[in-house]
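Okay, so here's just one chain, in structure tokens, the form predicted alone.
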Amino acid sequence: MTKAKIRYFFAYAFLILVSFISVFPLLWMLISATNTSLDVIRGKMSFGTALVDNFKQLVQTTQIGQALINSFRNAFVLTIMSLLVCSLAGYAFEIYHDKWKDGVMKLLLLSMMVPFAATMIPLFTWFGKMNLINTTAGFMLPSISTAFLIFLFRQSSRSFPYEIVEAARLEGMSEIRIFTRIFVPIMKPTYAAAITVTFMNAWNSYLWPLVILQDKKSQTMPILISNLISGYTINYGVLMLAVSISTLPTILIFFVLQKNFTEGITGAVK
């Protein structure tokens, strides 16, 4: 065996090992969803026959349908609003010239250093005075504009052909039409990456929804799952089934947008 073949062998062996370690928690979660709580505790690693019973118990003891609707509605609306606000901001930061824009961008990036927990109590007090507790607006407002998404769109816009904007202006196109007809179609990979990141963050967010969505009818999937482990007796089969159901939308979004997600993160523009 040549040195090249030996090198390839160890490289593929390492990749297979890392892939297995990455996929194992997901596989274990799916297997556990089909087993009883006792089988999960015993460490059974084969598919069982308790999937239907776990599903019946999950439906009867929780409001999972309402939680799925709440999570999807919150994540969908927040993703749309974030894309609109952050892509406009990123476009403006790169296309329009102002001597202060770099300073403002640095302040935005500096805000990423502040943990959300530090601003949560003032936000809750403020939103309470505005009667935004238990509302979708109260859930979305702190996350509509994020420094990361603005930075992502600005960095991607740096490879955007500015000559097209100048030519469109000479043709008499308005700034809104330039943005919607030229910028948005060309920046599809960046939008795909932004959709993936924003939807996943909104779907999986726990701390802020726990604080702002106090009504049981407003609870989301992460809160419902946390409630399943807060009782005296935990049914791990039901718990794993709830986690599996909660994971499906984010997996679907990622696989649908996987190709464009990679291009968008690296800032590629076709």
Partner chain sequence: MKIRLPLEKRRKLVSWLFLLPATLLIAGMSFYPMIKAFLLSFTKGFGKTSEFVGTYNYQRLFQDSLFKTALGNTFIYLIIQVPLMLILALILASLLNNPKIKCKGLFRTMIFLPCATSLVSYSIIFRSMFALDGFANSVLMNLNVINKPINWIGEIWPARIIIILAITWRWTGYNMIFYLSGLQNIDPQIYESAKIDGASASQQFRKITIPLLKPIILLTAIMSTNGTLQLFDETKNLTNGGPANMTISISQYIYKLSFEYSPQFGYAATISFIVFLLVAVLSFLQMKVGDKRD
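Residue numbers count along the first chain shown, from 1. Since the structure is predicted, the reported quantities are computational estimates derived from the model, not experimental observations.
We do not show the form predicted in complex with its partner chain, though everything after this point is about it.
Does any part of residue 101 reach within 4.5 Å of its partner chain in the predicted complex? Heavy atoms only, please.
It does: once its partner chain is placed as it appears in the predicted complex, residue 101 has a heavy atom within 4.5 Å of it.
Using 4.5 Å between non-hydrogen atoms, is residue 159 touching its partner chain in the predicted complex?
Contact with its partner chain, no.
Would you check, heavy atoms only and a 4.5 Å threshold, whether residue 91 touches its partner chain in the predicted complex?
Contact with its partner chain, yes.
Does its partner chain get within 4.5 angstroms of any non-hydrogen atom of residue 226 in the predicted complex?
Yes, residue 226 sits close enough to its partner chain in the predicted complex that at least one of its heavy atoms falls within 4.5 Å.
For the three residues 144, 247 and 255, which mark the spot I'm curious about, does each lie within 4.5 Å of its partner chain in the predicted complex through at least one heavy atom?
Yes, all three are in contact.
Even though the chain is shown alone, can you say which residues of 95 to 112 have a heavy atom within 4.5 Å of its partner chain in the predicted complex?
Read in sequence order, the residues that approach its partner chain (within 4.5 Å, in the predicted complex) are 96, 98, 100, 101, 104, 107, 108, 110, 111, 112.
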